[in-house]
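Just one chain is shown here, as structure tokens, and it is the form predicted on its own.
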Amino acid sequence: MKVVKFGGTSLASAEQIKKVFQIVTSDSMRKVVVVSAPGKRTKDDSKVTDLLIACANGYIQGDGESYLDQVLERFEEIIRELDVDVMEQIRADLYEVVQGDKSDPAAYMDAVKASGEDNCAKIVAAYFRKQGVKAQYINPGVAGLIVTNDPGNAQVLPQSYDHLYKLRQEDGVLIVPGFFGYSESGRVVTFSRGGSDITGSILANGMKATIYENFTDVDAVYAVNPNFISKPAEIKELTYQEMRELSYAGFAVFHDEALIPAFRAGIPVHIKNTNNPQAPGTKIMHTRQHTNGPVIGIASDTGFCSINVSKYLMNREVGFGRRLLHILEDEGISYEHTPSGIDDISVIVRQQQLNEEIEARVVARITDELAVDSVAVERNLAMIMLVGEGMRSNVGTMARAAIALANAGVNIEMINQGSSEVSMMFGVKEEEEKKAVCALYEAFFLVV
């Protein structure tokens, strides 16, 4: 039995939904279909989820009707072209959710956001039935997908898996909306953005699927951002850890949290293209053959800053690191990396967490409470990650990367390597991100 998830571009129009139908019905093992909200039809189009977020903000402030009308128009166009009779139900559902309780804005936002996936699932189920296939819409709450009450960042609760296993008793194709579950008190709570991938992985785990297929709009996971490199190498196989590292560092093809449920259940993930389903795609599994050299992929992301702290004999001061991180915790700041030396330590954080007011307070607290020699914040950094389990057994990867960056004239602001030796990270100025990525790609993928 396969769990199959389709992303927003795969459901952006009636034409795309017809492709989804053909893909699902071409394989009798595809019993569970997880759907996203309709995505962009063209480059300049809007995603339904973005329209719903604007709609919710509008209604919280007193006027969101124009955005609601746009959402209704999107659904109405799809329904008309599929010739299914669900528009009145969709309209009623959307009106009900936007008129809901706004006393808790975060909870209200989650309810409105989730309606994109929820109503798309109802449309897809109706189309399957119209084509003569036994199919039913499955509400995540009815199915028992219970999550933490953390709006916009829900985490699945363990009891969900036992509940979801019972779905195996249902006949026909099950159409399940992605992106959200229900709290123990019965409220809709969404995963982080792009969380339909997470729903699919949770269902694959709970229902003990043979494989989790994730259909998107690319033939495979590429070794590097195709916006930086024309026709980059396709990756045929990845381990869970490699994909997790690449997703974290900027690969948008798969949500970085989505691998956890599949990994824990040992379920392979297969990424494929809705518009080219015959393409081999990329398989994600526990182990793979290391036949491609030390590096399997290069990812990058911007929007980081570094808090650089220096203090003579820092290494002899018991508890220094704990007290430094405690200051960040007090200020509600999560950290990403902490490269360090004997007299200095850098804490890499997402820049959006550190506005001018918070930065000034953090610097003052570190200076006063830790009696440091200096503290400085360096903004506008990009993090570039080399990923590959082959690095564990390969000598000279760091030198090869550093030479490539030096030859390209890129200054390295920071280097960090995890203890697993599966990834190696370089910090550079944001304006040098593309140049650095291209230099590294040439060094590891174009040199024989």
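Start at 1 with the first residue shown and count on from there. Just so we're clear, the structure is a prediction, and the values are computed from it rather than from any experiment.
Form predicted in complex with another copy of the chain: not shown, discussed below.
Another copy of the chain is not drawn, but in the model of the complex it has no heavy atom within 4.5 Å of K208. Heavy atoms of D343 reach within 4.5 Å of another copy of the chain in the model of the complex, making it an interface residue. Looking at G186, you'd find every heavy atom of it more than 4.5 angstroms from another copy of the chain in the model of the complex. Contact check for G321: a heavy atom falls within 4.5 Å of another copy of the chain in the model of the complex.
Scanning A106, L313, V133, I358 against another copy of the chain in the model of the complex with a 4.5 Å heavy atom cut-off leaves one residue, L313. Though another copy of the chain is absent from this view, in the model of the complex it lies within 4.5 Å of a heavy atom of just one residue from N57, N416, Q70, S46, which is N416. Contact with another copy of the chain in the model of the complex holds for none of V147, N225 and A265, as no heavy atom of theirs lies within 4.5 Å. Comment: 328-336 is the region of 116-124, 293-301, 328-336, 157-165 lying near another copy of the chain in the model of the complex, near meaning a non-hydrogen atom within 4.5 Å.
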